[in-house]
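The chain below stands alone and is given in C-alpha cells; this is the form predicted on its own.
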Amino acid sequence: MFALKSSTRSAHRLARSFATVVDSAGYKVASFDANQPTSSVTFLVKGGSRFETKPGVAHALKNFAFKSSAGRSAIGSIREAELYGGVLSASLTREHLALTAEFLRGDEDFFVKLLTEFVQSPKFAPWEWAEYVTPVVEADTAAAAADPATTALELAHTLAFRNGLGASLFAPAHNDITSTDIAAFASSAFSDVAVLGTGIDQTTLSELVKKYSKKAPASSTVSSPASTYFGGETRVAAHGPDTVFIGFGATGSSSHNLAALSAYLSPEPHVKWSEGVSALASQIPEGTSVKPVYLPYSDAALVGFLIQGNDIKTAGSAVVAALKKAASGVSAEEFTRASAKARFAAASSIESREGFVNVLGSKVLATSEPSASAFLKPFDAVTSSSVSQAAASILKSKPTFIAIGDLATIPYADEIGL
C-alpha cells in the first residue's frame, strides 16, 4: 500500500505543476516549472520512423539537427550554444523526433530562437549531408547492427507490425537518401510540432515562440497506416551472446493491463544483489539474463522478453510457462505487487524531462492536457482478472520470436512451448 500511496502523491504533485496546452503562432505549447536551476525546451515533431516517406529518412533528419539554417551556420549554432553552457540533442522514436536544448535558467531567449530557426528555415545543404551527416548515420547503423539486443528489437518490430511501427529507427546500411528527400520529409513533419518546456514559465515560453516564429506551420500531411499485429519467427546467425526475443503485440491504445502483466512476469529484483520475487526469477539459469520489454505506442504495444546467455532454451521455456500460468490466474498478492510495480514505473517515468517529453508529449501534440493524474488513472481499472485475460489474449495470437547467435544451439519457438 505504501508504494501505491507514494506514487499517487508524486503524481498529484506533478499534476499541479503542469500547465495547460496553449496555441502560440500555430505551435502547441506546454511547460511546467519546479524552480530548478536549469531549463529545457523541446520541439517535439510528429516525425518518427513510422511516418517516414523513404526508409531511413527519419534517422537522417535526426542527425541533420542543428545544422545550417537561414539564421546561422552549424558551427555557429554549436559555438554559441557552448558560450551559454547549453547542450543540444536530438532523439528519435518510432513516433516522434525530439529536438532539445538544455541550458541555465534565464537563457531561454537564445535557445528558443535557435530551435525555431532550425524548424522553420533549415537549409539541408547537400554538402552537409555528404560530409557531416552521412558518416554519423552510417556509424549509428553499424553500431545497431553490431548489438544483438538492438537488432532483435528492430527485427521484432518489423515482424510484429510490418509497416508503420515496423519501420526501423536506423537507415539501411546502403541507401540512396538525398538531402532533397530529407528536406521533403522535414517539410511535412515540421508542420505538426509541440513545444515543451521545463524550468520555464509557460507564458514566457509562449511569447518567445510567437516572437521568433516567422510563419505559422503548414497543415500537417504526415500519416501512417493504423497498426496491425502479425507476428512471426526469424533467425540470424551472428557472433556475440546468443540472443532471443519472445514477444506479442496488441493493437489499440496502450494497455495498462499489459503493463501490469509485464511487471508481474518481470524477474528483475528490487534490491541489488538479490533475486527477484516473481515466480520466473527462480527459474532463470545462471549465466542467462531475462529482461522484460514493454513498449506502448499510440495505437499498439509490444510486450515480451529479451533473453541473452548460455541457456536460452531453459530460460525461454520458463518465460513461456510463466506466461501460461498468468493466463490461468493471478493471485491477489501477486496482483497487488505487480500493480504497484507497474504504477510506480509509470509514475516515475514522467518525473524527468525525458519522461515529460516521451510520455506526455504526445498528449500535447493531440492538444490533450499533459496531466500525470490522467495518465495514471487507467491503472485504477486494472484487476487480477484483467491481467489474466490480457495474458490469455496474447497467447492466442502468433508470437514474435527472434533468434540471433549460434543457430545450432538456439531453439525454435515451438521447442520452448510456443
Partner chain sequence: MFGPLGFSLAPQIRASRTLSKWFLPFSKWYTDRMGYRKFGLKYDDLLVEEREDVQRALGRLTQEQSYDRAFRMKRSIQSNVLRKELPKEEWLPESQDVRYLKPHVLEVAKEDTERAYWDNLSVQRQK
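Computed from a prediction, not measured in an experiment: that's the story for all the values here. Numbering follows the first chain given and starts at 1.
In what follows, reference is made to the form predicted together with its partner chain, a form of this protein that is not presented.
- For the candidate set E333, D176, E131, E286, a heavy atom within 4.5 Å of its partner chain in the predicted bound form is found for exactly one residue, namely E131.
- This chain appears without its partner; in the predicted bound form, the one residue of R162, R79, K211, K324 with a heavy atom within 4.5 Å of its partner chain is R79.
- Contact annotation: S73 falls within 4.5 Å of its partner chain in the predicted bound form, judged by heavy atom distances.
- In the predicted bound form, its partner chain sits within 4.5 Å of a heavy atom of L83.
- Of the heavy atoms in W273, none are within 4.5 Å of its partner chain in the predicted bound form.
- Only one segment in the set 293-301, 131-139, 306-314, 163-171 has any non-hydrogen atom within 4.5 angstroms of its partner chain in the predicted bound form, and it is 131-139.
- Taking its partner chain as positioned in the predicted bound form, none of the residues of 320-348 brings a heavy atom within 4.5 Å of it.
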